[in-house]
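First, one chain by itself: the form predicted on its own, in structure tokens.
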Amino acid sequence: MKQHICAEIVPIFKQLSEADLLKISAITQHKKVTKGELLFTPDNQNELMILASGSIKIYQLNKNGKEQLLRVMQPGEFEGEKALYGIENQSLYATALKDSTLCTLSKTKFQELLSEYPEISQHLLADFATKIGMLERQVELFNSESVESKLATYILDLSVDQRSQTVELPFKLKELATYLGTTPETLSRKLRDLEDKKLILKKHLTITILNSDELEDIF
């Protein structure tokens, strides 16, 4: 593993030089976590967490204690920046979906970093906007009347994001079901229905859109 692996794969650091990436690496803490490990809760999030390898789910708990998946972090993504600005985490949890490698940056070190590289703030604002957009889209999905409509919308959105009629699901069906507010059994049934209608072709976590017009008509 290269010494500055976390810094170099994070978009907010992409404009920095090799020397600057090494400086950032020197002030980050590296650690390995195991599948199922709880990484932070609303009570103890006080650092920037960068994912170097593996995957992590970010979620909330509803009043009945049931998980509501918000997103799954992939290598190069980060969480916890709000806490570093003094904004309290009131609802987010993070758990490793598989054995993963993290880099963490304390509030003090993060603020020093922003003072030295103010351009990072601009990239952080762009990341905030992206996360807000994702949450707004998820709310729209939840307001859809049927699971089939939610699923069709989600697949078409992935097609736009990935710029392809063949898309890769970013997480397993269990997590996708939670994200869409349904059960794995119902989700599997709706995927089979779309395949039976010749609207999609599914192989593992890869979905090929066969008829986007009819898929849009499901809305």
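Since the structure is predicted, the reported quantities are computational estimates derived from the model, not experimental observations. All residue numbers are counted from 1 along the displayed sequence. The term rigid core refers to the most C-alpha atoms you can superpose between the two forms while keeping them within 1.5 Å.
From this point on, the text means the form predicted in complex with the DNA, which you will not see here.
Only one segment in the set 156 to 164, 46 to 54, 25 to 33, 169 to 177 has any non-hydrogen atom within 4.5 angstroms of the DNA in the predicted complex, and it is 169 to 177. Interface residue remark: Lys202 is counted as part of the site for the DNA in the predicted complex, having a heavy atom within 4.5 Å. By the criterion of a heavy atom within 4.5 Å, Pro42 is excluded from the residues contacting the DNA in the predicted complex. With a 4.5 Å cutoff on heavy atoms, Gln60 does not count as touching the DNA in the predicted complex; it lies far away. At least one heavy atom of Thr186 is located within 4.5 Å of the DNA in the predicted complex.
Out of the listed residues Val147, Met134, Leu92, Ile120, Val147 is the one that sits within 4.5 Å of the DNA in the predicted complex by at least one heavy atom.
Once the cores line up, the CA of Arg189 ends up 2 angstroms or more apart between the shown form and the other one.
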